[in-house]
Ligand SMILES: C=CC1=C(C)c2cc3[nH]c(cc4nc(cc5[nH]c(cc1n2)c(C)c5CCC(=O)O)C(CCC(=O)O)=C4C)c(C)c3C=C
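Just the one chain here, laid out as structure tokens, in the form predicted alone.
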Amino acid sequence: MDAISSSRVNLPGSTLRNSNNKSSLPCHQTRISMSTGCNSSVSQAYTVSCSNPTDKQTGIVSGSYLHGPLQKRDLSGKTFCSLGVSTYPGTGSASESHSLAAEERVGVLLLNLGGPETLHDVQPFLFNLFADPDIIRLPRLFKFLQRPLAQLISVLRAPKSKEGYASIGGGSPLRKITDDQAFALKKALDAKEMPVNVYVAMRYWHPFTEEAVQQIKRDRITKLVVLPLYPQFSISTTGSSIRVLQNICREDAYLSRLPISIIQSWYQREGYIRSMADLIEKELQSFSRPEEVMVFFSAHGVPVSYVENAGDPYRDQMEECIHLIMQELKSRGINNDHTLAYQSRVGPVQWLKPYTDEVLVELGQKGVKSLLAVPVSFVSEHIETLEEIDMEYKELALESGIENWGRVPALGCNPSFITDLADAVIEALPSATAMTTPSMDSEEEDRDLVGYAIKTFFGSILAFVLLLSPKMISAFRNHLL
């Protein structure tokens, strides 16, 4: 697998990280030419705040991680507040922010999932994914099974996953798109007289967070804004990446003192809502009878237990996001029916419902003939959009009786999307403080011992059944041979 160093993006004429070299080279030794021909898509940013959703604010967590559950929100238009989240209301002027930045070496860290760049990378990428305790949540006593279990699952899933990546060109385009977004964001911030270095940190493939952080240290960054490329917060996406960053900062003297501001989510940002509405409105015009088209929002799913047991705000944020987009469309006189479903479920556990594949069949049975798919939780094209939606779900929809299919592109590098992300960075910068990791008190650790014992018991049974099943043992043996 390629050992790709962290991506640092500068404007033309300055040095860049090499995305193709086999080794990590100093920035001054290598250059890359980055394509600026990004996807024609739109978005802007917003996050959890305690104000009306039309207020242009950015919800910021300054050096702390969101642990507590969120209050429910009222879909009549009010937002909800996150426990432990401080918000920066944008009261400072742009000139004040620019003056502040001029005295600092400011960095922006983009967080994303990552993806295998070749078919050879697929199995190790899957291992990294399933070895994440925020993806497979084992009982505490059986954490030692995390990596062996991840190895077995990745070996079993690799053949099917390779077929999917082969169908979209032999690898994920996510790295290149994210690099393009980083390049465009730096240009947008430069245009706003905000000089920064922009870094890319992938969770499960190169450049890993550790690689990006090492480059941040080499560049002697004095203030950092962390911007996850996920509109909505989930413990399995933004939360997982922040946890890794926290662990790194806690163990490093330089990083533990570095002022950091984390933009937890931005799904409510006014520009993002308008941009999504622009995309939908444009794609609707490609149908012969736009008013009859069902707007089908398909979001990446998470296990129900994350929401109901761990306080994940993802479902609430997703539902509010859809509500705000449809409100914006209605203000433009677009009153199409819409629905939301969740895709990409894995394993035997219950995931958020309704499931995308099941809803497509139901819509066909109900006589829906025209459908516009909207990948609402994705800002970049990757396997979930290019293969799962464009191939699998499209085929299923047509087989189910839907005659006219369309799909809204992912956000990509659309100028209004990038410009608003730049605004979010500027708004976030003054609230940066040293990152701290809240400790769990003994009362909280001892809470619900009966529930914990039950989960531990059934978790251990499941783990050992998986580990000792002939199919898994055979697959593992074949992989080793």
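Start at 1 with the first residue shown and count on from there. In this text the structure is predicted, and so the values were computed from the model without any measurement.
Keep in mind that the form predicted together with this ligand is not shown, yet the notes after this line are about it.
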item: Contacting member of Pro313, Pro375, Gly301, Pro228, with respect to this ligand in the model of the complex [4.5 Å, heavy atom]; value: Gly301
item: Candidate from Leu156, Ala277, Val307, Ile383 lying within 4.5 Å of this ligand in the model of the complex - any heavy atom; value: Ile383
item: Stretch in contact, per heavy atom within 4.5 angstroms of this ligand in the model of the complex, of 319 to 327, 345 to 353, 207 to 215, 261 to 269; value: 345 to 353
item: Touches this ligand in the model of the complex: Phe183 (any heavy atom, 4.5 Å); value: no
item: Contact of Val295 with this ligand in the model of the complex (heavy atom, 4.5 Å); value: no
item: Contact of Phe125 with this ligand in the model of the complex (heavy atom, 4.5 Å); value: yes
item: Partner contact for Tyr199 in the model of the complex: this ligand, 4.5 angstroms, heavy atom; value: no
item: In the model of the complex: members of 224 to 263 within 4.5 Å of this ligand, any heavy atom; value: Tyr230, Ser234, Ser236, Thr237
